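Taking the form predicted on its own, here's one chain by itself in structure tokens.
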């Protein structure tokens, strides 16, 4: 598989009052197209910070980040927003679906933002809803869906623009054990079907072990975790 992402010596620190707190201390990461990786670690270890930098939602203090041979850290805000829309999908612990829109409309939103015709956006949304087993819920609002159904819609939305990579931040953290296992199995299936790279941040080592590769945040660095 071709190389997709290379991060080298990423650092990030924050000010806590007058004290500087180092969160990332020189993170290196290499991913190929189609990889599926879990990142585990204690709360506050820097997992989400790393994910936000990989997704262009935060800037590293130093280091380099290339995705598909593009220097992401060199992009200005406008170019970065366009790059995210065209190349990345995001899934969060809390689904962040828009309550005033139904399931298929939520999935179609990234396509509409990208300027795709409404008819194409709807067709793609309905195809993805069928793929995640929710075609019968297309017209339902988020409030009418269960927690697991909302996350399945969120995953479908993340795939709307056929992204190179999906970044998931604690995607099962708000779900019961059985539903969480179903969401992980769905991501594995979609990875195999579409070849989309998945990077999944989680505190759940049991679920992380379902993925082919697990990395751990340890004192600001990424290390291979034991299976």
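Numbering follows the first chain given and starts at 1. Values in this document were obtained by computation on a predicted structure and should not be read as measured data.
Beyond what is shown, the protein has a form predicted in complex with a small molecule; the following relates to that form.
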Exercise. Are all three residues 14, 42 and 49 in contact with the small molecule in the predicted complex, where contact means a non-hydrogen atom within 4.5 Å?
Worked result: yes
Exercise. Hey, in the predicted complex, does residue 216 get a heavy atom within 4.5 angstroms of the small molecule?
Worked result: no
Exercise. Does residue 23 reach the small molecule in the predicted complex if we count a contact as any heavy atom within 4.5 Å?
Worked result: yes
Exercise. If you check in the predicted complex, is residue 203 within 4.5 Å of the small molecule, heavy atoms only?
Worked result: yes
Exercise. Does the small molecule come within 4.5 Å of any heavy atom of residue 170 in the predicted complex?
Worked result: yes
